[in-house]
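Okay, here we've got a single chain as structure tokens, the form predicted on its own, with questions on binding and movement later.
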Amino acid sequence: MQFGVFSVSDITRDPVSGQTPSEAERIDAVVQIAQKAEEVGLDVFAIGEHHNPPFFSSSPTTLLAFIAARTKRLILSTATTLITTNDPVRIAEEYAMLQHLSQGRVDLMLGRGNTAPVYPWFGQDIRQGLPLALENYNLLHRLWRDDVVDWEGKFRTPLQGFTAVPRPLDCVPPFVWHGSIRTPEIAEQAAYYGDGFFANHIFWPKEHFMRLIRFYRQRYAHHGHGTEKQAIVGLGGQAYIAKRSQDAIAEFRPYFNEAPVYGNGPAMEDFMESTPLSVGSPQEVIDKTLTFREHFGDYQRQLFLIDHAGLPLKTVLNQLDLLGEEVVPTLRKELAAKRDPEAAAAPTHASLVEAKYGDQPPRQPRPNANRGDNVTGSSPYQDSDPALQARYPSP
């Protein structure tokens, strides 16, 4: 099982100091957070995507490539990549490049996003959000698997004779998680393709996500990818940890009370009771996280949100120390002891390569020669199927 942290890249005023960090300070801080996550033994760091203040992560692949250069083991992911307002062609190319640069330490979570103005900024209509997500992923899925793609849909210009470059590392696409807060159609999409389903699992009661995950597992089995127990599930969560529970509650309360999403609403204790939020000692966070398996079954990835609501960098780094040294080791041990042997392992690039090739060497595409006009002619690669004929658009 994989454990990690994710950031939505918010830039929020610290209600204790009264200071709002600059964009430069938050970008530097999130790099330090990712490096610290690897240092304390976590498996995954994920970053969100936003295109407006008060957020900074408009280019996740650039940020993750920089973090990849400064880490050795950490899996890099997103939370989420906007499948609705990004061109699937650019997603295919940018994440394949990141996959090569990180030597396979990358996967991504796709989502629709919930910032309404983003859609018209990128030439889309939010009322078409779900059809966009479905069509765009259908194209992305093909771009990573077919050397040459001819395609026509509703939301972008047609493709004729198109090859996304570079090809995925070892010709094995990055693993895809489909993230959702409330939409069964996204769970169905994940199940149809045999991909992972990531439940946001932050703001809503567990019963809501239990229904979504149960539906995803049933549909995963229906589409023939394995049993319900073998479906690939990830969960979000929030935690604030201190050695003593009373200190955790006292320290986090001002941040909770002024948090942009749930501040000035329910009392923190009520929110802790009704949602996955854990505020307390390491053992209290362990105990609550262990209940997730009881509600959702064995799952493959647990990500915690720990840097939101204006928490200063020093505090977040201390949270990572506690998470890595006192919480996650116990969770690994306890969850491994209870794990059903039928449950799937967490996907990695190595496991996906082995599943595709066994003990054979993976494919390494080598392009055919430039015919003089910057294309390779009818077949893009030396080992492409000879019957594959790429016909390019007319000038």
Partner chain sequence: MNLTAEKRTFTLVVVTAGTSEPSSTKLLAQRTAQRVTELAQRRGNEVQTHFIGLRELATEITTALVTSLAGPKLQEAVAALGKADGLVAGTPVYKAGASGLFTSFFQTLEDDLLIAKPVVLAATAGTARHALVVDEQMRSLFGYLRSVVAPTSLFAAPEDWSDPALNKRIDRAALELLLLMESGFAEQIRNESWQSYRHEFASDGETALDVDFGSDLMRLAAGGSAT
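Quick caveat: nothing in here was measured; it's all calculated off a predicted structure. Numbering follows the first chain given and starts at 1.
What follows is about the form predicted in complex with the partner chain, which we do not show.
- Scanning T71, T275, Q238, T85 against the partner chain in the predicted bound form with a 4.5 Å heavy atom cut-off leaves one residue, T275.
- With the partner omitted from this view, the residue of L212, L305, A248, V118 that lies near the partner chain in the predicted bound form is L212 [heavy atom within 4.5 Å].
- Contact with the partner chain in the predicted bound form, defined as any heavy atom within 4.5 Å, is confined among 282 to 290, 192 to 200, 73 to 81, 225 to 233 to 192 to 200.
- In the predicted bound form, the partner chain lies farther than 4.5 Å from every heavy atom of D125.
- R219 belongs to the set of residues with a heavy atom inside 4.5 Å of the partner chain in the predicted bound form.
- The partner chain in the predicted bound form is approached by E185, whose closest heavy atom lies within 4.5 angstroms of it.
- Although the partner is absent here, P166 sits far enough away that none of its heavy atoms falls within 4.5 Å of the partner chain in the predicted bound form.
- Looking at 118 to 155, the residues that come within 4.5 Å of the partner chain in the predicted bound form, counting any heavy atom, are L130, P131, L134, E135, N138, K154.
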